[in-house]
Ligand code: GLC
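Coming up is one lone chain in structure tokens, specifically the form predicted on its own.
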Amino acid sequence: MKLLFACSEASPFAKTGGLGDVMGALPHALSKIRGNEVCVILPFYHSIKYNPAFPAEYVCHFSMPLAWRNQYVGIFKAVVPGTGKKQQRDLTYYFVDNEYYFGRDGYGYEDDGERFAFFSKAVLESLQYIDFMPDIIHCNDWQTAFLPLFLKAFFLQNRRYSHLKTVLTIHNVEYQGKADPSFLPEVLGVDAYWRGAATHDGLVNALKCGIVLSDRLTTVSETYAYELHHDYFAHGLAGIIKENAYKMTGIVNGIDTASYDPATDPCLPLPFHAEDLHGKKENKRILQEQTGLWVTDEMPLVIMISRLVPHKGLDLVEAVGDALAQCGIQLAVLGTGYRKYEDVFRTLAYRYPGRVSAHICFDETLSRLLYGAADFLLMPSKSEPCGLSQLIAMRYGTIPIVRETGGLVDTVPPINPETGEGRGITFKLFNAHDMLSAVERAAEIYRNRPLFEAIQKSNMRLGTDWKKSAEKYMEVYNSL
């Protein structure tokens, strides 16, 4: 089967969050399945185009209409060699070039809607010029959710496209790509026939458009697929999702276990594995020295690696921050986001030196060291479609402390202290003192060293790679 992933980011080329990780790993996992040919296409951002670490060769260029405007489209490609097991194939990445739209990086611009509408249409147009015609185009989040609309409105009458099917994955329903109603004719270039599919609550809504017009839907965990039926989680789209539930499947994410491997991770001062955790203990000491924490093994080290935004549950930490810092743990935080939450952690680090350290930045090397040194990872999320941090943490022997929501429910069953079964410490209500109680329970487990180390080792041996999830995606594709 020929599969094309259309996405706004993919590791190692561009990554702002979990989507970049997923698009860096899932296509590789699917390429291992016999009979599959997999490609990925993404914007040719400035940081990719002018980075000597990412050499890309020119393929072609053409002019493409986008409503009343004609725009240049350049196509470049790079082949990333397969790594790890010998059956992993090389993977071809295509890049859509246009300096006006992508001579800058990421998101957060006023014309993001136009940028990614252009990208979505350019993906389809490029299939006439590159040596790859897929069976299925797999779209991801709002940035590519207009692609099914463009396919149906402009391309299906062409025999070369008549077989094409689309799959849309909702990685986070909170971000929907909303625009003024004039966006429909002025940017998308479609008439009023498509208004019902593309608008919601009086606005053009890219994600709603993709939900309605794609052939199949997936989201990134079974529990999140259920939660999206409810207004609390669906950010206004619960009714639309219920109407399209017949074509939705929840498939939990995996991680790239070749990259996230404590036995070979170059970011760790000392490697370690499930049979010998000595290196992890030394990494903890080194991290404590580097970050100004007290050098001690008497207190569990709890980390948070997160975007500092409301749905990550940071209001809970703010509410009991002093009690958290005084409950017999050390806390190390890494992330950026809302200034309000950045200041919460800066203040805690100032008030509790030796107990709390705050690193308000994006630092991949430091994040790996935190995973490889910590005892627990705290994820008090208000909502969490899947979450990758808890999977990475378990791979590094760091036990998750999570609220029971979304993919955290599917991947972190609670520990039973009597039997030793389970993977992490959980709490159900979105309540600050319930979170604090979970951290205190984690500290008790830490003091029970035989139980603590048994859970660490059990988690490290878990199959958190993409193999099972890739097989479930194949079931979705084969259904089309």
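Remember, it's a predicted structure, so these values are computed and weren't measured experimentally. Sequential numbering from 1, following the sequence displayed.
The form predicted in complex with alpha-D-glucopyranose (GLC) exists for this protein as well; it is not shown, and the discussion that follows is about that form.
Between the options 368, 311, 152, 115, the residue in contact with alpha-D-glucopyranose (GLC) in the model of the complex by a heavy atom within 4.5 angstroms is 311.
Between the options 259, 249, 223, 172, the residue in contact with alpha-D-glucopyranose (GLC) in the model of the complex by a heavy atom within 4.5 angstroms is 172.
In the model of the complex, at least one heavy atom of residue 19 sits within 4.5 Å of a heavy atom of alpha-D-glucopyranose (GLC).
Looking at residue 387, you'd find a heavy atom of it within 4.5 angstroms of alpha-D-glucopyranose (GLC) in the model of the complex. A residue is said to contact a partner when one of its heavy atoms sits within 4.5 Å of a partner heavy atom; residue 229 fails this definition for alpha-D-glucopyranose (GLC) in the model of the complex, lying far away. Among residues of the shown chain, residue 253 is one whose heavy atoms approach alpha-D-glucopyranose (GLC) to within 4.5 Å in the model of the complex. Listed stretches are 201 to 209, 387 to 395, 235 to 243, 182 to 190; the contact stretch with alpha-D-glucopyranose (GLC) in the model of the complex is 387 to 395, by a heavy atom cutoff of 4.5 Å.
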